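Given next, in structure tokens, is a single chain: the form predicted alone.
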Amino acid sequence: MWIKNVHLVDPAQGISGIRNVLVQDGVIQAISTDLDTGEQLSDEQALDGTGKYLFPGLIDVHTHLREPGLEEKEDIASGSAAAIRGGFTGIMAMPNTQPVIDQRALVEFVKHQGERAGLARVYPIAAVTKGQRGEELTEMVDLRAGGAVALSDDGRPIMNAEVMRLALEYAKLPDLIVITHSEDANLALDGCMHWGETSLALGLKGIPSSAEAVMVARDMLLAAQTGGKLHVAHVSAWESVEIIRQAKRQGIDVTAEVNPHHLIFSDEDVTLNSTALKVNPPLRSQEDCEALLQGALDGTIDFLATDHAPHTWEEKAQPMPEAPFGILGLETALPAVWQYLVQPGRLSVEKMVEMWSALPARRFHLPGGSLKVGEAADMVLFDPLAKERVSRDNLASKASNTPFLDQELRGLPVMTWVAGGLKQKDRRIL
């Protein structure tokens, strides 16, 4: 296959410009400005990329695929289809399933189900503690041998500082990164949105920024003490950004992610009926949104990540205090970031792709992240002019808990390949 005249964006190689890309046997064979690169190929093997972008396949370090045990919300096959439709060729799956992914056999099950689906590459994240109870550490070396790429109790904070310290210490043996859910459960108790003027006006119990920031600060101190590798999931508060910035200056081995919804929406967008915007951590103030974006621009925050968290319609139809936390992300994240951040000039396309490809691949030692010659052709063709109205009928996910439902998004991934195999064309899974 020869992709002609496409705008290739590959930050790992420092490329952003018109190129011709030759793919053979699932591998990148050549990248050139020379139109004769693919002269030996037939017209049927040529793809005109004029007006479109070619990105390395995006990698999402934070998804909830719900299998095993919660398949009414999502399963690995439907989640993988949603990933491919959104331009993601690799996804890391959180362990808060039923049962929790805290044993090697369950890690291998997730990995096998991902291979069986045959769409995106699925990388299991194993639990830090048994049952995610925050008490007893899992068998980390065994989990690594089974295919775990990281450790996390995401969905539940590890409240016991000594358990967290030991986790960071012992995770060094299998060389695994501990991903934190930074939340002081006592400060956040029963809250359903950000604590502020909007929560007071709506009469809803709020979660203060300090519930996140104090745990981020604690874990930075523990990472400094142990020399362990730490990744802070779904950063939402300006205080957390500043703590992480200072930690990096001190040489602490930490990375962080931000979710698109925390950049695009604020607590001012929340109403008594907007349960699709009920997320944890909650949408915070506009000041927090600006701090998060600045953190992404200056490298304090390393990755974009969706925190794809599907729920059934019945669950999300409950009143705001009772509805579960969670938002869909895989199918809408790329067009939403493009429309709300890239097009207005607030985030460059190069930075966006770097945060969703090169940097996560490097940090978690995953395949992909670049379209270098000799690398597997995990890639996505992005059309900035394509548009789609989001509806329950065209979502690959089993769920529909997205604030973009019945809205039109412009800028879509229109073709997605994994190892050179075409998995999506014009938003249809093949």
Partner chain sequence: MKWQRKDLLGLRDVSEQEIQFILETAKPMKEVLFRSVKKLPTLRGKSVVTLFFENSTRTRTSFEIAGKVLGADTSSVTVAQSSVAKGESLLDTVKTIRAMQPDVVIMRHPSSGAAEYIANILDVSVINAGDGQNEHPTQALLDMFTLKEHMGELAGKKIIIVGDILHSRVARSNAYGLLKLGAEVIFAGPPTLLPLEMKTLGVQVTYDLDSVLPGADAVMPLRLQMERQQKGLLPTLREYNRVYGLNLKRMEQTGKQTLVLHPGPMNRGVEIESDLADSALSVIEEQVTNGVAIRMALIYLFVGGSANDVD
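Numbering follows the first chain given and starts at 1. What you see is a predicted model; the values in this text were computed from it and never measured.
Another form exists, predicted in complex with its partner chain; not displayed. Remarks below refer to it.
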{"property": "Contact residue in the predicted complex, from 185, 161, 200, 173 (heavy atom within 4.5 Å of its partner chain)", "result": "200"}
{"property": "Selected contact from 221, 141, 272, 297, since only one has a non-hydrogen atom within 4.5 angstroms of its partner chain in the predicted complex", "result": "272"}
{"property": "Contact stretch among 98-106, 231-239, 317-325, 261-269 - heavy atom within 4.5 Å of its partner chain in the predicted complex", "result": "317-325"}
{"property": "Interface membership of residue 195, its partner chain in the predicted complex, 4.5 Å heavy atom rule", "result": "yes"}
{"property": "Residue contact check: residue 122 to its partner chain in the predicted complex, 4.5 Å heavy atom", "result": "no"}
{"property": "In the predicted complex, residue 207 touching its partner chain (heavy atom, 4.5 Å)", "result": "no"}
{"property": "Neighbours of its partner chain in the predicted complex among 406-430 [non-hydrogen atom within 4.5 angstroms]", "result": "none"}
